[in-house]
Structures are given as structure tokens and as C-alpha cells.
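A single chain comes next, written as C-alpha cells; it is the form predicted alone.
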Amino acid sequence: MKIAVFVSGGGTNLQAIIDNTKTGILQDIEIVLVLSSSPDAYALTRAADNGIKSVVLRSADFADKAEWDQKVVEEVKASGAELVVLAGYLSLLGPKIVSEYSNRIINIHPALIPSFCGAGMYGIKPHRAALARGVKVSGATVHFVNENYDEGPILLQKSVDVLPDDTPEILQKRIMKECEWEILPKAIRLIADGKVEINNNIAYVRE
């Protein structure tokens, strides 16, 4: 299966996918495009280092959001990608790409949806909110993408204990290493193997 990975920053989840295409569970998966919302994203360097085509598409560079949305669709279609993976992508997708790739876009969110999610909840913010609320567990969620932030069907979740001496930064790193880097490649594997069904906004995994 061919995939396109959308990024905005450092690309640690992109790297987890790349590593799994080389020596892990995704060795038959090809990353055909890395699309970034920022020209300064280190994820672009990761793509270049691994010979993966990349493109930068900022909505601010287009006349309107509809034109940007159309260009995103064109780039994904041209790449031949069958699945779009949002790996630290901070822009809300446009309606055209969501419609064209319905149930073929997944996102990794650094919290246990429906907690600490929605507009503005990205990066370090969900971890700050989790600690401020005093939760005893947190984690990450892979979900399908619809028109609204973090409201699509949940595919996979994994949790970790929140420890008494956690800071937002410490919690962020632990969730990244123990949750995100594990369940995002696993989700891609399940989809590639045809083991995921969606019904009434609920994702089911078939054995």
C-alpha cells in the first residue's frame, strides 16, 4: 500500500513510520509523499534523507482555502497514495480532501479522545491539560478524520500511567515513545491488511 504522510513539525511519527517500512511491520508499505504545512518542518529533512518526495503547501500561499484544498487533493492523487496519515499535522483539512479520501485519512492525537482534544489541542497542550485536570492515565489515539477536529471514528488507543513527578514535557515524550510510535504503524498495518470496518462512526477491527 502507498501512503502520504502529512506533517507540520519535527516528524518523529514520520520517522517511526519510516523505520517500520525498513525493519518493522510496514516493510511492504511505501511512503510516496510527505506533505508539510511549513517550509521549516524538520520532517522535510527526514523525508529527503530517505529519498521520499515532499511538498510544502501552506493555505496562506493560496487565494483562498478552496484553492489550497484542491491543490492538496491533486498532490495526493498524483502520488498514488491510497491512505493519508496525519503525523503531527496542525492544519484542519479542507472538505474536498476529506470527501475524496473518506475513511482513508487517519490522525494520531496525543491524548485519549474524547479527553483533551478538539480545536487548539495540539503539541504540548493536551499534556498540560491532562496534568492540570489530575488524570491518572493518558495516552494517544489513532482515529479516522472527518470535517471536525478529532471527531472521526477511533481506531486504536494506548495509555500510560501519569506519574507524580511528570511535567508536560516528560509526559509528552513518554506518550510519544510508548504510545504514538507503536499504535500509528499498527493502525497503518491493520488498514493495509483490510482488517478495519467503519459503521455509524465506529471503527471495528476484524481478526
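Counting begins at 1, following the sequence as shown. Just so it is clear, the structure is predicted and the values come from calculations on it, not from any experiment.
If you look for the form predicted in complex with a small molecule, you will not find it shown, but the lines that follow are about it.
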Next on the checklist: How about Leu90 - does it come within 4.5 Å of the small molecule in the model of the complex, if we only consider non-hydrogen atoms?
Outcome noted: yes
Item to check | Residue contact check: Met121 to the small molecule in the model of the complex, 4.5 Å heavy atom | outcome: yes
Checklist entry - Going by a heavy atom distance of 4.5 Å, is Leu83 a contact of the small molecule in the model of the complex? => result no
Next on the checklist: Against the small molecule in the model of the complex, would Met176 count as a contact residue? Criterion: heavy atoms within 4.5 Å.
Outcome noted: yes
Item to check | Residue stretch of 72-80, 128-136, 94-102, 109-117 approaching the small molecule in the model of the complex, non-hydrogen atom distance within 4.5 Å | outcome: 109-117
Item to check | All of Gly9, Thr12 and Glu180 within 4.5 Å of the small molecule in the model of the complex, heavy atom check | outcome: yes
